[in-house]
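Let's start with one chain on its own, the form predicted on its own, as structure tokens.
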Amino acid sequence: MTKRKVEVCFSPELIHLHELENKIVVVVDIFRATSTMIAALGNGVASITPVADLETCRAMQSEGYVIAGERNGQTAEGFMLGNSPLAYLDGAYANQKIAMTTTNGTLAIEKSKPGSKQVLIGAFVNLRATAYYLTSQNDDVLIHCAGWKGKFNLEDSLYAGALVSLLEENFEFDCDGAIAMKGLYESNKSDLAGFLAQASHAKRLQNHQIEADIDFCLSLDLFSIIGKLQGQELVAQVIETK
């Protein structure tokens, strides 16, 4: 069987340089949007509707949604929730519908939609489940890093390397970025937290005293689910890994 291809886009500002048609796009925003989304779905949230702007998200409260809004690492004014994965643990919002807007992650999801075959969200907390699912499909993969306000960031790119590393047996690398990030991940996987402590966004979050969020976001394989976009909603799909 011909090997499928995997490539990496390092920022939503670069997505126009990539062909999305018939590809599975995996959106990643490790600190913290996609990590939080997987935590929510893994703790029984019915669905998550990603929203690009604060006003639209805020208005969805009247439609029965629990609204979550974050800008620049902090809870947006007037929102019930910010962007902490810990808020969803122990089924705190089980069976509820969440509308969520964040600085980087929700924009990356929106830009991943046109022409793509599927849109998934990825995080270290469901890394192996995502790799297993992608291996079971027959499509090329694009890993779309949310970055920070259009710029490259370390944590999302390192996740891309981790995912490429797991896909290596069944996929070929379609870009130098995938090769570089695979090497970077494999050189630092024994101490991800230590390596990523120097990341600029980790330092931003540390300034907000949310080290527990950082620790959670760097935890591996807490959930055997994927997060998949169906229509406008992200929903969980349980993955039976070997």
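These figures come from a predicted structure and were not determined experimentally. Just count from 1 along the sequence shown to find any residue number.
The next section is about a form of this same protein that is not shown, the form predicted in complex with a further copy of the same chain.
Using a 4.5 Å heavy atom cutoff, 16, 174 and 184 all lie near a further copy of the same chain in the model of the complex. In short, of 210 to 218, 58 to 66, 41 to 49, 175 to 183 it is 175 to 183 that has heavy atoms within 4.5 Å of a further copy of the same chain in the model of the complex. Looking at residue 199, you'd find a heavy atom of it within 4.5 angstroms of a further copy of the same chain in the model of the complex. Remark: residue 117 does not count among the residues lining a further copy of the same chain in the model of the complex, judged by a heavy atom distance of 4.5 Å or less. Using a 4.5 angstroms limit between non-hydrogen atoms, residue 112 is distant from a further copy of the same chain in the model of the complex. Taking non-hydrogen atoms only, residue 71 never approaches a further copy of the same chain to within 4.5 angstroms in the model of the complex.
In the model of the complex, a further copy of the same chain lies within 4.5 angstroms of at least one heavy atom of each of the following residues of 145 to 172: 149, 150, 151, 152, 153, 154, 155, in sequence order.
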